[in-house]
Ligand SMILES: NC(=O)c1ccc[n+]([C@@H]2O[C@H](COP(=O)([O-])OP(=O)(O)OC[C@H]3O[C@@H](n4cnc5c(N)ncnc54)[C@H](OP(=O)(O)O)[C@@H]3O)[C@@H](O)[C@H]2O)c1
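As a starting point, one isolated chain is supplied in C-alpha cells, in the form predicted on its own.
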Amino acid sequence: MHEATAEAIFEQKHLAVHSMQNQVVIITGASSGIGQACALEYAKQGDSIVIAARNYDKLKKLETALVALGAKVLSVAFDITLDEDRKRLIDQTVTKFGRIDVLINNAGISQRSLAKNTLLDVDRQLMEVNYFGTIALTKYALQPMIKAQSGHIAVISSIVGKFGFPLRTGYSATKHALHGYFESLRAELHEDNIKVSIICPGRIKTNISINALTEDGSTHSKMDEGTEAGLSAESCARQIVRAISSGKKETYIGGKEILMIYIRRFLPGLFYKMILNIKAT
C-alpha cells in the first residue's frame, strides 16, 4: 500500500511538472524590465514564447538570448494602442504555435505628476495604454482560449491598484480599473477553465520611472530613488512565473512597501496618516 501510494504521488508530481512545460506564452512589453525577465524565466523551463513590444531591435536581441536557452520564439513588433497590432499578435501566435496557454499583459506606462497640473490628454493616454489596450488584447486572446477550454490570463497591475499614491492619480486609476475588470472576468471564465491572475508589484528596479509620463505628456527621464532601491526584475519575474504556475488569483511582489496594502485594509486611519508622509517618488 505504501509503495503504491508513493508511486502515485511520484506520477502526480511528474505529470504536474510535465504540464508546466511546452506552454505557449505571450508577453507584452517584453523588450525590457519585468517583461524581458519573465521571458527568460519561461525560456529556462522550456516553453515557447511570443515576445511583443514597440522596440523590435530590442526584441530581436532578446530573441537571440531566448533561443540560446532552447526556447522557440516569435517576436512581434507591437503597439498596444493599435487594434491592428493587437489582432495581429494573437493571429500570428495561433498560426505559429496553434494555441495560447498563457497571456501576460505586461505592457504599460506610469506617471509622475500632480493631478492639478496634469493635462486630461495625459490621463486619457494612461488609460488607453494600461486599461483599454490591455482589455482589448485580452478579448482577442479569449477567442482561442475559450475554443480550447483552457488558458491563463495574467495582468501586471501594481500595489497602487490597491490604494492611491501621490503623483500617480491617472496611473493608479488605470490599475484600479484593471482589478475591477479582471476580477469580474475571472468569475465569468470559470466554466471555460480559464484562470486569471492579477500581479501587483511594488518597487521593482526597472525603467518604469524613466519612461513615466509627466504633466504635459513628456517623459520623466529620471530613475526614482525608490525604484533604484527596488527588487530586481529577475527576482520579480521568478515570483510571477511561480504565481501563475500555481494558479494564484492575486499576488503582491516587492519589499516593505507591500505592507501598505495590509495597513490600508486593516488600519485605514493609520494608512491615511502614513500616505501623507511618503516621499512621492
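Values in this document were obtained by computation on a predicted structure and should not be read as measured data. Sequential numbering from 1, following the sequence displayed.
As for the form predicted together with the ligand, it is not shown, yet the points below apply to it.
- Remark: of stretches 145 to 153, 95 to 103, 108 to 116, 188 to 196, the one touching the ligand in the predicted bound form is 108 to 116 (heavy atom within 4.5 Å).
- Put simply, C38 is far from the ligand in the predicted bound form: not one heavy atom of it is within 4.5 Å.
- The ligand in the predicted bound form is approached by I208, whose closest heavy atom lies within 4.5 angstroms of it.
- Put simply, R54 is close to the ligand in the predicted bound form: some heavy atom of it is within 4.5 Å.
- The closest heavy atom approach of I80 to the ligand in the predicted bound form falls within 4.5 Å.
- Only one of the listed residues (S235, S32, Q45, T219) places a non-hydrogen atom within 4.5 angstroms of the ligand in the predicted bound form, and that residue is S32.
- Residues of 185 to 210 lying near the ligand in the predicted bound form, listed in sequence order, are P201, G202, R203, I204, T206, N207, I208, the criterion being any heavy atom within 4.5 Å.
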